Each structure stands twice: as C-alpha cells, then as structure tokens.
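Read the single chain below, which is given as structure tokens and is the form predicted on its own.
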C-alpha cells in the first residue's frame, strides 16, 4: 500500500510541475520556440495536457532554442 501511495504522490508532483511549466511556456516561451504561434491564443489551452506529460522535453527544447537560437532546430 505504501508503494502505491508513493507512486500516486510522485505522479501528482510530476503533473503539478508540468502545470507550472505549461503556464510559463505558454505565456513566455511558445512565441520564442515557434514563431508561427505568435498572436494565436486559441490553441494554447489545447497544449496544456501534452505539456504536463512531457514537460522535461519541453524545458529541454525551450532552453536549447533559447541558448542556440535557430541553429538548434
């Protein structure tokens, strides 16, 4: 029972971190990572579930593109 509770707690914290990353990415980062997303706000809420699941990859790509610019694509 303790293992299941631990896994559920880890999943909860993972998704909470994903929510924070999703909010920051959709407000500040998506315009820099994907230039064609500038000015299009209607589809951004649709990205929240995906970003919550793969937020480490989103952070990696965001920081890579910020650091190296268009050469990192």
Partner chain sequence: MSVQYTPVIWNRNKIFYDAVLLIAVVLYLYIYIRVAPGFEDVTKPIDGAILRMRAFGSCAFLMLTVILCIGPLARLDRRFLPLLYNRRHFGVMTAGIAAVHANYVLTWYYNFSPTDKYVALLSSNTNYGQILGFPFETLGIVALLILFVLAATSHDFWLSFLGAPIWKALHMFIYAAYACVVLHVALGALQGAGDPIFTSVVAASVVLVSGLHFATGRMEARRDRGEETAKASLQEKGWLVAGELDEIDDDCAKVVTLSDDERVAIFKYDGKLSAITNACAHQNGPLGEGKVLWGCITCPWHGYQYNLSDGRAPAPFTEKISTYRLKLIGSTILLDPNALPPGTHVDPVEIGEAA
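Predicted model only: the values in this text are computed from it and were never measured. Numbering follows the first chain given and starts at 1.
A second form of this protein, the form predicted together with the partner chain, is not displayed here; the remarks below concern that form.
Annotated contacts: 17, 28 and 69 are all free of the partner chain in the model of the complex [non-hydrogen atom within 4.5 angstroms].
Looking at residue 24, you'd find every heavy atom of it more than 4.5 angstroms from the partner chain in the model of the complex. The shortest heavy atom separation between residue 13 and the partner chain in the model of the complex exceeds 4.5 Å. Along 22-60, residues 25, 30, 33, 34, 36, 37, 38, 39, 40, 42, 43, 46, 47, 49, 50, 51, 53, 54, 57, 58, 60 each place a heavy atom within 4.5 Å of the partner chain in the model of the complex.
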